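Just the one chain here, laid out as structure tokens, in the form predicted alone.
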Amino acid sequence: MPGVIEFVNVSKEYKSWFPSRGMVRALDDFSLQVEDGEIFGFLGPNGAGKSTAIHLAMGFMRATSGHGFMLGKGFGDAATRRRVGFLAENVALYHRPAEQLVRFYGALNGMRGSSLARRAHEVVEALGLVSDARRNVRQFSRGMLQRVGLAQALVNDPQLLILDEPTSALDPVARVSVRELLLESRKAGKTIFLSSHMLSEVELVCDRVAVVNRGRLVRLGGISELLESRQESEILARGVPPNSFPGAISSDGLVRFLVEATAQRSALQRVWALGGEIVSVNPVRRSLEELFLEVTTANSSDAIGKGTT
């Protein structure tokens, strides 16, 4: 079954600014499928190929080789874009009053009349812009422009949201509001494709993530699946001396310590032999930042296209 967004062996080459370098490959035999109704995180260092992938999906450019689909149609299908909400990394908006501007973008997607006016006001309100709705956006701060950009992406009630760095200029309060909007959109059956360097935000909202590096997919999977370590477990025990286990931390009568997976059974037996009680045993969970650094600094031969996870 085809995904909401699907890249099939896509490569994209550009002519280098430096003649001696010839062609630069931004995407290299890139394949990826985004499923219906998920929040999908799209991660990678600067220059990894993320924006190129997004621009190909939106039809702003064509692939050198390979192909792709968005909402069942080939990349670049004009009618399909009316079912998509898009926010570019660098927000550039016409200098008009905020709510009027959101209506303008809704009209570009075929919306008209009272339904357009009602929906424009709804998204302006949802993004905390009601008090500034009549102000010209040329007077807005970077964070307020970001919120107007999000409003125009949402105004047509899109089936698919493609957001490139949607919270980069927002303060913590606005980030929480946007996070809640994304979760509500998913609950309503929408699909969100989220490209971001805000890894803590991605970790909080995304169902699955893909990491791209040097134009290739280097990691793909669910958040829990990727972040839970299979090498170490954390054991929480009661009724044992803290010095019984290396590196143990004691608090409120509980002792917490880490063990290698191969030593887990013997550690549990030692707790019981000491007359203690096992409270919990959990895989150690690393942060998304740790995973990101691990896979983007690894050798590019570890690409998923060669058979890694």
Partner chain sequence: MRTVFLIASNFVREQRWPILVLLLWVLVTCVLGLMADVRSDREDLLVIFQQLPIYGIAFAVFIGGAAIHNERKSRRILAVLSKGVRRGEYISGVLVGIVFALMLYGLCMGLTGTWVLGQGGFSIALLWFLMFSFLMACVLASAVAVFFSTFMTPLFATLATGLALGIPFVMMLQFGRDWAYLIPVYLLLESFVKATFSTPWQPDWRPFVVATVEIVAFWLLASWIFARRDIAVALD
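Remember, predicted model here, so these are calculated numbers, not experimental data. Positions refer to the first chain, counted from 1.
The form predicted in complex with the partner chain exists for this protein as well; it is not shown, and the discussion that follows is about that form.
- Residue-level contacts in the predicted complex: of 88, 235, 223, 71, one residue has a heavy atom within 4.5 Å of the partner chain, and it is 88.
- Though the partner chain is absent from this view, in the predicted complex it lies within 4.5 Å of a heavy atom of just one residue from 142, 118, 96, 179, which is 96.
- Against the partner chain in the predicted complex, the set 242, 245 and 285 makes no contact: no member has a heavy atom within 4.5 Å.
- Using a 4.5 angstroms limit between non-hydrogen atoms, residue 110 touches the partner chain in the predicted complex.
- In the predicted complex, at least one heavy atom of residue 55 sits within 4.5 Å of a heavy atom of the partner chain.
- Taking the partner from the other structure, the partner chain in the predicted complex has a heavy atom within 4.5 Å of a heavy atom of residue 152.
- Although the partner is absent here, residue 100 lies within 4.5 Å of the partner chain in the predicted complex, judged by heavy atoms.
- Look at 180-188, 125-133, 202-210, 78-86: in the predicted complex, residues with non-hydrogen atoms within 4.5 angstroms of the partner chain sit in 78-86.
- Interface residues of 54-74, taken as those with a heavy atom within 4.5 Å of the partner chain in the predicted complex (partner not displayed): 55, 58, 59, 60, 61, 62, in sequence order.
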